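Let's start with one chain on its own, the form predicted alone, as structure tokens.
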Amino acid sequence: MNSAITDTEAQGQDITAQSGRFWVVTYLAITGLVLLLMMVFGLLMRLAQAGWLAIDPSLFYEIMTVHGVGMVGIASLGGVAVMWHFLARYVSLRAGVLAINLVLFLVGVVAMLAADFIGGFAAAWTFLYPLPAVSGSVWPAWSAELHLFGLLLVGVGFLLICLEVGRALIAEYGGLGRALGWHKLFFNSDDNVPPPAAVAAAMVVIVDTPALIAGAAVIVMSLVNLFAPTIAINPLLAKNLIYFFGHVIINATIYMAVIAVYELLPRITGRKWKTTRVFLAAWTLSTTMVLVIYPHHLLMDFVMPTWAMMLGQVLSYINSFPVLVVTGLGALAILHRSGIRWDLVSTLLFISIFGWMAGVVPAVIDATVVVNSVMHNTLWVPGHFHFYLLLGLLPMIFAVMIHLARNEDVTPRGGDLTAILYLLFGLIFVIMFLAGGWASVPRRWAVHLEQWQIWDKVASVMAAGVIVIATIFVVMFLARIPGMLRQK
């Protein structure tokens, strides 16, 4: 009888694993295709600013809106796929939630595309109140309503993912605190110490859940204002909610994707990534700080309380370093004298650590009030977030794509030159953003003066190179999908 039950449970686990793999592969396929589309949109904007392509300014801002919200959304989808794939080895996850999230995501995306390209909505990803309702007749109210409704659906889907991951972690470890390893950190208990993947996932659940709720709240408030304009919102409250939501969500994408580094580098080198008390302390500190440092986005809003500005600036200096240090040093320790033979996957993972660590530096510089006052509304800002997304987050996602396409075989197969070209093109591309910001070139301008266009022209060429290399990665993945789905 026990044997029969065991066999039945094993069969059920196999079915669940296969279902999870199907949705992970589907997520990554959609992520790859949409990433390429968003990259093309980004290239079109740079070509327009360079004077090499004529784009109507209204269309430019529609593309900018789609590019911004689309990149954040698809980065989140890819991050979920990476986190789910590796976390499912340690906890029991219900794959049906992935299906529900994807339906909500796709319906929301279609709604936003219709609102932006048909309705002309172009208020950027920030949709700052009262801009959605007061556009100067640039777009009709229905397009703002449809865009915000689509964004709400996407957010609800990701909230369901957080709740499911949180449920699974609590069921396995007895609470989110134990999933963060607090029993090991504070009491030095070795009872069911979570692996790095579970620690990172717990952090994501803790920070993403309130951020998604805050985002949903301000979206609903904006929708109410659109339908009933006499019901006003406090603009400062709305802006705080929006930037708390946006700041946490985009940071959480890389916290999900970094699980690939914790899982793949040990397999490649044959060494274990240990869950030490230092590691757990770093993740606990970052969990706390990422929730409270968003005011560094509001340093130019002089009506903000002084204490909030000070908190945003000071904690911005130290927020990223705990996790970055333990991840960077941990990776170096694993790689040191490991005899690793570099190939495409391992090189992409190493690039991702560099991109994440180096990309934080311009962000910290901009979080300084005296710098922020002259640099915040320049190309410096898109420079810093393109840095850690293009060279930090995306190489992690691409590495997982290639890893799965190779049936999770870690035997080196070359291809590292392709990754190095991606680094070269991407690094010069983001440096052009930063150089433009240093020269006080404003951001979010559809038309650039001739003396600004040197940065745009070099960036356009580099962006084209990035797209070519990224296409190679995505095609390598898409071509192996049938084999990945057959694998048990």
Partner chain sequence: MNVQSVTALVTTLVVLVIVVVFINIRRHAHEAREYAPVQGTAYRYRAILFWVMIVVGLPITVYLLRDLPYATAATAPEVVNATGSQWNWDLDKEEFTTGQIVEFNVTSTDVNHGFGLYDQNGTLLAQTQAMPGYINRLTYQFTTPGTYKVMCLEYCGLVHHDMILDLTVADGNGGSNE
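Treat the numbers as computed from the prediction; the structure is a model and nothing was measured. Positions refer to the first chain, counted from 1.
Beyond what is shown, the protein has a form predicted together with the partner chain; the following relates to that form.
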Does any heavy atom of Lys457 come within 4.5 Å of a heavy atom of the partner chain in the model of the complex? no
Non-hydrogen atom contact Asp416 with the partner chain in the model of the complex at 4.5 angstroms: yes
With a 4.5 Å heavy atom cut-off, would you call Tyr173 a contact of the partner chain in the model of the complex? no
Can you tell me if Val66 lies within 4.5 angstroms of the partner chain in the model of the complex, counting non-hydrogen atoms only? no
What stretch, of 32-40, 66-74, 432-440, 459-467, brings heavy atoms to within 4.5 Å of the partner chain in the model of the complex? 432-440
Hey, with the partner chain in the model of the complex, do Val220, His247 and Thr411 all fall inside the 4.5 Å heavy atom range? no
Partner-contacting position among Ile353, Val290, Ile206, Ala144 - heavy atom within 4.5 Å of the partner chain in the model of the complex: Ile353
Exactly one of Leu236, Ala232, Ala99, Leu106 comes within 4.5 Å of the partner chain in the model of the complex through a heavy atom, and that residue is Leu236
Heavy atom contacts to the partner chain in the model of the complex at 4.5 Å, residues of 250-282 in sequence order: Arg271, Lys272, Thr276, Val278
